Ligand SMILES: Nc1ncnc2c1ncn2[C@@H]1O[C@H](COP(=O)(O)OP(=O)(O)OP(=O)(O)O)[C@@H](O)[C@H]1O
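This document opens with one chain alone, in structure tokens, the form predicted alone.
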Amino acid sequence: MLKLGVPSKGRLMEQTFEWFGARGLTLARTGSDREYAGAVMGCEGVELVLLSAGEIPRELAAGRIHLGVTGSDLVRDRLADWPDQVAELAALGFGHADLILAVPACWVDVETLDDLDAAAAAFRRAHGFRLRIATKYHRLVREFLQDQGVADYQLVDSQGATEGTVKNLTAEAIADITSSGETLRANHLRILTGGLIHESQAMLFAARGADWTNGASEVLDHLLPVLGLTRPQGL
């Protein structure tokens, strides 16, 4: 069977179910709320796999699922050379959020990335260690700052409440996902001019390394027209 991985809970799961439902494919949880079991109606040969959004890039890369719905930010950050491992089938139009770089609002002289680079160099001279940027998006942030010529920083891992790391003195700046910016403002943080790293949204991906034999490829050929999609080149 063709395995379709989708988020297992929350608004992202609901919107995923709605997107497929609007195209004639009904996804539903089965069993109790604590069971990660599901069913697919409207296309033979498709098995629903409920996973956390963060697990889906790994399962796609490993070929344990054929298709998966997750944020474009997660795929790009967690999979090196991601276009070689997955193919983008569709942007789903929900789950929008921006990965941004933000500094304390009181840093009135730091407006741009060039300003940040200068501030990072001055910070290292004054304190003897590199300016700390808290984030969980290490690959995306590192590649972005390298492309922008920012040096003299270090990334500090933060898997939650990243906006609070500056107030708690564990970082001087942050790189995190935001939708409205309200949490940033509440924590007296400001997005740098030119500090947009990635515009993320929910995407449907296909695993290039999955086993597409034993009927999975034929199921995909039937499923894609139902969803109004075409098969990507090389899959």
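It should be emphasised that the depicted structure is a prediction, and the values quoted were computed from it without experimental measurement. Residue numbers here begin at 1 and follow the sequence given.
There is another form of the same protein, the form predicted together with the ligand; it is not shown, and what comes next is about it.
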{"query": "Distance check, residue 142 to the ligand in the predicted bound form, heavy atom within 4.5 Å", "finding": "no"}
{"query": "4.5 Å heavy atom contact, residue 45 and the ligand in the predicted bound form", "finding": "no"}
{"query": "In the predicted bound form, residue 127 touching the ligand (heavy atom, 4.5 Å)", "finding": "no"}
{"query": "Contact label in the predicted bound form: residue 150 to the ligand, heavy atom within 4.5 Å", "finding": "no"}
{"query": "115, 146 and 192 all contacting the ligand in the predicted bound form, non-hydrogen atom within 4.5 Å", "finding": "no"}
{"query": "Options 48-56, 22-30, 206-214, 165-173; stretch whose heavy atom lies within 4.5 Å of the ligand in the predicted bound form", "finding": "48-56"}
{"query": "The single option of 134, 74, 131, 86 touching the ligand in the predicted bound form, heavy atom within 4.5 Å", "finding": "74"}
{"query": "Residues in 1-22 with any heavy atom within 4.5 Å of the ligand in the predicted bound form", "finding": "9, 12"}
